[in-house]
Ligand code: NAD
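The chain below stands alone and is given in structure tokens; this is the form predicted alone.
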């Protein structure tokens, strides 16, 4: 379907079928590059959530007894089916989310990759283990509620579902209502993979209705949520009464520590890329650039030049690296933080309020922005902005750099850039974060991902991610 067509998305997916939601609210979909309404989605409500949970509960007993080989085959079929829709998904990621085409290609391939990674992991995962005289079996928890954000819709749906399937759990997925076109494509692909009815269900609706219903329902054993820290806390509270197992991947305020021996010709482009990845709408964005005072002027000059060359604009232009913000609300949020930065005394080196020169007044474009003279107690250094805004925070010595890096309520990811990898490793070892990247923006899907402190609870990916959907059961005594 051509990307400019108006869409009416009026079904959700329950018990192996596309069905009309009980909910009646219509939600407008937009192209963030123009602000134009491109479609409408009919949102599910609490009754739809309950129907999806009931379907997943019915499917769980049989599915939980399937073997590895059957689930591996299932995951491969799912990956093949999603791969078949790559072109449609790529268009939707660009037109509905506003991802630059340079980034969107990764985002279209990622859902397929996470499904295949889960199949590979499953092949070698030890579901039964000997521990002393006991036999310990890893048992699927039950119905999993999977609540996903808008900044990588297909990737999060497929990643969380892949892990649930690998574990033998059935699933109810609540994706963001802002990503309904991507969700529809993924749902159609997964339906084509021919899984048993009820094994997965996808109900697009608001978090305070569908998400809340899933988080509090007695028949949901596990919640996996990616999104804001505030929403994560609400989900955790809702899960308490039934003692659900909960995995939360939440916000971040990641430091990029440039050590005084770094090759700045390499370090500055890395630091800017870390800050502006996914148009700055990334929980792992390195938005605090910690710079040694001994090289501060040099870093400011190079960073200013680098940020001024960042192309913010039409996501279909191959030269664009920062696309529009996903919504007007998100655009206004970023504008507010830029104003706060200036009001609190940060020095603006590049960008600022308003839209980039030459950009449509209808589109939700932000000027890639660089502040310096930022103190770590300023609002722009404390709070997650979720847009292309980078703050340079000067430090004196290595000890102070580590202290500033760790002086945050978050601990999701960090970056250390240095000409001495042994020294960088020593600094990395002292930073409190779930992942620390040294002279790199690498991602390894086999390694665990998640945060310390208020960046979350638990881990995703690899064996740690699979463990989170399983409960160990111990057998002792005769015949064991």
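Positions refer to the first chain, counted from 1. Only a predicted model underlies this, so the values are computations on that prediction, with no experimental measurement involved.
Not on display, but discussed next: the form predicted together with the ligand.
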item: Per-stretch contact check against the ligand in the predicted bound form, the hit in 286-294, 83-91, 244-252, 262-270 (non-hydrogen atom, 4.5 angstroms); value: 244-252
item: Non-hydrogen atom contact residue 235 with the ligand in the predicted bound form at 4.5 angstroms; value: yes
item: Contact of residue 150 with the ligand in the predicted bound form (heavy atom, 4.5 Å); value: yes
item: Proximity of residue 449 to the ligand in the predicted bound form, heavy atoms at 4.5 Å; value: yes
item: Residue 193, heavy atom within 4.5 angstroms of the ligand in the predicted bound form; value: no
item: Heavy atom of each of 43, 97 and 200 within 4.5 Å of the ligand in the predicted bound form; value: no
item: Answer option from 228, 137, 379, 301, heavy atom within 4.5 Å of the ligand in the predicted bound form; value: 228
item: Heavy atom within 4.5 Å of the ligand in the predicted bound form - the one residue of 208, 399, 343, 319 that qualifies; value: 208
item: Residues from 148-181 in contact with the ligand (non-hydrogen atom within 4.5 Å) in the predicted bound form; value: 148, 149, 150, 151, 156, 174, 175, 176, 177
